[in-house]
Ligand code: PA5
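Before any questions on binding or motion, here is one chain by itself as structure tokens, the form predicted alone.
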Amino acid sequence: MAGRTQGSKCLLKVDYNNLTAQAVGSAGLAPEELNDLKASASEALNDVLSRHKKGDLPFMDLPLDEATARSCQRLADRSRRKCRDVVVLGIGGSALGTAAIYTAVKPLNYHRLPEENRHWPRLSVADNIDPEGFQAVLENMDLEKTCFNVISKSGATAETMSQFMIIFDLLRRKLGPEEIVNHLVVTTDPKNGVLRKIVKAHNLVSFEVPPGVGGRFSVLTAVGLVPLAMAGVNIKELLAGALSAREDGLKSFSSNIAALIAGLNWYMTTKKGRASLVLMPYADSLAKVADWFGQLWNESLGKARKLDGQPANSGQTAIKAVGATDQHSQLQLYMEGPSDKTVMFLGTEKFRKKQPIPDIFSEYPELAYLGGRNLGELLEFERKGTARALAENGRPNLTLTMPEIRARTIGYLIQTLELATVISGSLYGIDPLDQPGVELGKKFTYGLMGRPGFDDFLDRYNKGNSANRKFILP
């Protein structure tokens, strides 16, 4: 196995030299361990590809869905003339992927540009129910020029539906009931759920979340494509990149980046005690990709039971860090703290902006070396220097590199990491597509809010909570 692997058309490169024993000593992978890794990951890959052939993993075929992409683009072309802002009402998988792609592809100052310089609506994602935060999203928006995309597969997500009820009532009161249809787009289950009933009752524009595609794997469905297209993201290019990743994902292990990423991290976790994976992009535009990856990796792989019912307690905790900012806040821990982490850098060979550093202060040796260079160079050298420093300190790390940050490369990255997650699930012997650990908290919330059918959870909450009252101070 070579220490560097690249995807088709060089849309993504993986450098794992700093995961080898040659680079980091006993914390790294010896040649025989790399061979063991290859055998296990190849078996897991074959398992996933077999399931795909049976139709069990529909997310893998999303880049082929040209019809949905065309429908989303038609809506975007129509709404462009009437909308200045697009607001997504969604949480978790209904929000994180959209925000990640939007901030990666669009200029970071897009929201601050004068209106005449913005050729597409601004996109905001209301992904929490903090009342102050929700109000902040809506401030300074012209309701008549704002479109809302409410996204909930079940149609019963408490956070999203509470936001939806607020916006529905606001539109009704401020613009009139007849205008609601011109400002609301719904993405939900094709047939079931209360949100689908509301769509039919009010004749709202709607899109479907494909059956079998869970929230954290859904950004390449209408869940992400609708708001991204409305905000001017080139979804054709995005899907083209994802299609290239799909093609590479169907290849054997030796040419399969997704399987390599899965195998490396699984081995480092289960055999080398690396319980955490720090994803550290070196670009502000990729910071929310780390947020999206956190949900994908943590919620998919953190499971109590294996498929055969045996205890698993599996997973590798994904942690977000951003270079160079977090070199000055987290790196000390990774260098000299518990040796239980793998760092996965995410970088680009070409920044959209260079920002030259003026060739001044040459009389000061401490500053002269900076003059005449640019911030892109400095950031890239900081990434390389950090990777080298970690390696010399016996701390394993690997690097994913894109040639540039644009819709096609982001599409490739998204599809690759989704497939890597599912292959990891096979390696751990768990179901990466469910999230049973999240459901109990929701049920307690329903009980506390008085939702019918959840009285037992209210009783359980009160009994369990009362036992701990004596430990509350003051």
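Please read all numbers here as calculations on a predicted model, not as lab measurements. For every residue, the number given is its place in the sequence shown, counted from 1.
Below: the form predicted in complex with this ligand, not depicted.
K.L.:
Give me the residue from P396, G315, P121, G93 that has a heavy atom within 4.5 Å of this ligand in the predicted bound form.
P.N.:
Looking at P396, G315, P121, G93 one by one, just G93 meets the 4.5 Å heavy-atom criterion.
K.L.:
Among T146, Q295, N234, Q327, which has at least one heavy atom within 4.5 Å of this ligand in the predicted bound form?
P.N.:
None of the other options qualify; the answer is Q295.
K.L.:
Tell me which stretch of 67 to 75, 318 to 326, 148 to 156, 354 to 362 has a heavy atom within 4.5 angstroms of this ligand in the predicted bound form.
P.N.:
Of the stretches listed, the one contacting the partner is 148 to 156.
K.L.:
State yes or no: in the predicted bound form, is some non-hydrogen atom of R216 no more than 4.5 angstroms from a non-hydrogen atom of this ligand?
P.N.:
Contact with this ligand, yes.
K.L.:
If you check in the predicted bound form, is Q435 within 4.5 Å of this ligand, heavy atoms only?
P.N.:
Contact check for Q435: yes, within 4.5 Å of this ligand in the predicted bound form.
K.L.:
Within 4.5 Å, heavy atoms only: does D248 come near this ligand in the predicted bound form?
P.N.:
Result no; D248 lies far from this ligand in the predicted bound form.
K.L.:
Quick one: is D127 in contact with this ligand in the predicted bound form, heavy atoms, 4.5 Å cut-off?
P.N.:
Output for D127 is no: heavy atoms all beyond 4.5 Å of this ligand.
K.L.:
Of 370 to 384, which residues get within 4.5 Å of this ligand in the predicted bound form if you count heavy atoms?
P.N.:
None of them.
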